[in-house]
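Listed next as structure tokens is one chain, alone, in the form predicted alone.
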Amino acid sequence: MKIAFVGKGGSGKTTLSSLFIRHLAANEAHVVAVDADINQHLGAALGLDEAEAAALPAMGAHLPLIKDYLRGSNPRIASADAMIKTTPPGEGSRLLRVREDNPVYEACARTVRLDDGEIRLMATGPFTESDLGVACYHSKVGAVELCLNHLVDGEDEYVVVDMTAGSDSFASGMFTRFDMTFLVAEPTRKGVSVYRQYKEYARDFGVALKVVGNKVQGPEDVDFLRAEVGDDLLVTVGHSDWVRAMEKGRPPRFELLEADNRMSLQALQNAADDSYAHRDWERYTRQMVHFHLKNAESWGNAKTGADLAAQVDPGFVLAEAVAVPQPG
């Protein structure tokens, strides 16, 4: 299943993403984690030192390889250069699976060993000096969207994406790529403002959205969040000595995380599992096509010099049935 963590800058979404990833690994799940934020901190939150985090390959730098691999033998795509971030898969396209080795993972993913297992970590890549003033960060995130559009995931397989801050993900169709979106909100007016905006934008697309209250100090904070977001409030997280030690680079073993916080992480997993059980693959594919056609008309056709609507395979539905089961 595909899971996104969103929220305003400083809300703690990267910290909570990393805790959730550790929790999944401890439960022996298969995990691909993606740092899609312009501020690349997920690697550090998962225990990488500064040099290791800086050495993570940037997905944006490998976009030609990603396109060439995913294109496969799809006759509707004339070349890798004709692919844009929203290009959907069709007959002949190569699909990604969580439990496999492939050239995309080889180039863009690194294995991170945690206390109770290991995960694959991928990163969009930060802005470079050559990008400043001339590049749009959404073009870098496009590598993530393209991979999500071609990724077939199943039970006990989790793709966890630490998203860009605020509502930036609405600059593309990527916000519809997830079975569950966890919005991390502090118990403040600013904290819930991003929730309202996200809820409004996502209303017509069937986005499953739950709020994780963070930095909650007592019942008054819980009451405030409940009054502002209602039943969308799933769990709250308060002060954690374990997290404080992790932020200093000296985390204890994950099994020593406070019991209340471990219970909150299990609630997140339960909510994600339940949402995945109701995934509508046809709607998932239809939304993919919808945003591709919008992007093609607004800029893609002009950029590539081709009619990108022709890339849509009307008979193709992305689903587990089109993927060959992988061992392990």
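Bear in mind the structure is a predicted one, so any value in this text is a computation, not a measurement. When you see a residue number, it is the position in the sequence shown, counting from 1.
The discussion below concerns the form predicted in complex with a small molecule, not included here.
Of the candidates R120, K215, R76, K210, K215 is the one whose heavy atoms come within 4.5 Å of the small molecule in the model of the complex; the others do not. Here is the short version: of R250, K190, R203, H239, the single residue with a heavy atom within 4.5 Å of the small molecule in the model of the complex is H239.
Although the partner is absent here, R22 is not a contact residue: none of its heavy atoms lies within 4.5 angstroms of the small molecule in the model of the complex. In the model of the complex, the small molecule sits beyond 4.5 Å of every heavy atom of T304. Mapping the unseen interface onto this chain, Q311 falls outside it, with no heavy atom inside 4.5 Å of the small molecule in the model of the complex.
Taking the partner from the other structure, the small molecule in the model of the complex has a heavy atom within 4.5 Å of a heavy atom of V243.
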